[in-house]
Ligand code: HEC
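There is one chain below, alone, in structure tokens, taken in the form predicted alone.
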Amino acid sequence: MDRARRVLSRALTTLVVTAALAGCSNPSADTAPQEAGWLAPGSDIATALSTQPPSCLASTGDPLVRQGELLFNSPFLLGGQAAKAGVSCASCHENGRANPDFFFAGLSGEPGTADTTHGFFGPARDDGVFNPVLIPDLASSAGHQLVDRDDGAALSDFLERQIVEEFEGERPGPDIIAALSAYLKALDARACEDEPPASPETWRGPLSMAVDAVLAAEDSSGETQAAYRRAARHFLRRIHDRFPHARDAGLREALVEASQLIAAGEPLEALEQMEALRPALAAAEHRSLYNPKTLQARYGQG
């Protein structure tokens, strides 16, 4: 309890002091979320960044499914150029579905397509031909046909080749493959046949993922532990990028501090820091890039 009070006091002190210094300055015009970088020209950025498709998970209570979801959303699973660009499996397959607005210059033709045999992310599959294909919805029947998900060996081989060959990432260990396999098997369009409307994108999603990634790391070891820690730090980065207002400089610093605690192997302190930040995140949400009105003011449309 004393440790929690110290973390909360440190976070709130930073926020109050920085806010007082910043006053009522305007948002930073040169800061944009990473995911804005791979949206098609002319797309409705405000809507794309403020909503997400239903996930259609057939089993949501399995911890292994959740762990696979965390890795699926982490660019560091893919490594190399993808990690540098902030591109994860979920960048193309948002919530395991498709992303009709995805556009990566040089790799995409029409919005929602990608050349999976291009050498930018990894040379192993480079065929020297620009041939982008439609990004499939992994929960749909067409997505299921990419590989037999009931064949454990085939699915493991498919996932490993995607990471190592297409993206030149590090060869994943069996625990990582098991988690990814569980997540892919749980994606099923029949789980949301009524197709609920797109849900709002908020800071609560990535914060919850950061917390769960820290906990998953504590139940793991070696490279698997490192993978979850990197994922947790990425989710905090996503939140950080959505609060560019000068008044939120202290909030961004507190998020960085939480990320540093994760990197330093201080999970309890990191979890306490993240929990302490919830009130400040909620209070600042109206001026963040999670607010559709703020997004619309910056990017138009919406």
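What you see is a predicted model, and the numbers here were worked out from it, not measured in a lab. One rule holds for the numbers: they count along the sequence shown, beginning at 1.
In what follows, reference is made to the form predicted together with this ligand, a form of this protein that is not presented.
Each of L78, L134 and F167 is positioned with at least one heavy atom within 4.5 Å of this ligand in the predicted bound form. Checked against this ligand in the predicted bound form, the candidates N95, S88, T224, T202 yield a single residue with a heavy atom inside 4.5 Å, and that residue is S88. Taking the partner from elsewhere, S208 is found to have every heavy atom lying beyond 4.5 Å of this ligand in the predicted bound form. Though the partner is left out of this view, S220 does not reach within 4.5 Å of this ligand in the predicted bound form, counting heavy atoms only. Under a 4.5 angstroms non-hydrogen atom cutoff, this ligand in the predicted bound form has I163 among its neighbouring residues. Under a 4.5 angstroms non-hydrogen atom cutoff, this ligand in the predicted bound form lacks F103 among its neighbouring residues.
Partner contacts here mean any heavy atom within 4.5 Å of this ligand in the predicted bound form, and among 208-216, 114-122, 226-234, 169-177 they occur only in 114-122.
Of all the residues from 272-294, none has a non-hydrogen atom no more than 4.5 Å from this ligand in the predicted bound form.
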